[in-house]
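Only one chain is shown below, in structure tokens, and it's the form predicted alone.
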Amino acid sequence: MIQNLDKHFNFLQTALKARASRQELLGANLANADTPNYKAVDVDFRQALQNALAGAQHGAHMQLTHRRHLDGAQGGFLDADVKYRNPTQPAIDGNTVDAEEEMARFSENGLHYQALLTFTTGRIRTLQQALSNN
């Protein structure tokens, strides 16, 4: 039972981190909507989440062999899965950010993040109530 709870909350934590990382990418796209030669980036969220979960389950952590080595945990969550987006109509200055499309993706991802956070909070609250009633 405890292992199932651990798996469940690990999934929720990983999904929240993946949504937050994607939100940062989409926010960076919006912030650079007027930057010449900026290329819009995004991730395949489903693939990124599967990769993150597989890494978490298989313990794909770097081993430290020297006290001055970095543990690698401070890097971006989705760095390996970031891809340039194919522009529908690139600007003359080489920028590939479509502000309206970025806003739609940013809002959609924000809604998914908020729904996941609400679901997680509800799960924790239910677990607390179950523990306090016994």
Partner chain sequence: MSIMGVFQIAGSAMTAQSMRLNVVASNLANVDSATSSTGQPYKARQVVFQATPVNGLNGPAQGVRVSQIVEDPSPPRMLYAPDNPLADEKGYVQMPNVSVVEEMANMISASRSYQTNADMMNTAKTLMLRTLALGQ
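Numbering follows the first chain given and starts at 1. Please read these numbers as outputs of a predicted model, since none were measured by experiment.
The protein also exists as the form predicted together with its partner chain; that form is not presented, and the subsequent description refers to it.
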State yes or no: in the predicted bound form, is some non-hydrogen atom of Thr35 no more than 4.5 angstroms from a non-hydrogen atom of its partner chain? yes
Hey, in the predicted bound form, does Ala91 get a heavy atom within 4.5 angstroms of its partner chain? no
With the partner left out of view, is Gly27 within 4.5 angstroms of its partner chain in the predicted bound form by any non-hydrogen atom? yes
Even though the partner isn't displayed, in the predicted bound form is Leu53 close enough to its partner chain, meaning a heavy atom within 4.5 Å? no
Every residue in Thr14, Arg46 and Leu131 with a non-hydrogen atom within 4.5 Å of its partner chain in the predicted bound form? no
What residues in 105-132 sit within 4.5 Å of its partner chain in the predicted bound form, counting heavy atoms only? Phe106, Gly110, Tyr113, Gln114, Leu117, Thr118, Thr120, Thr121, Ile124, Arg125, Gln128
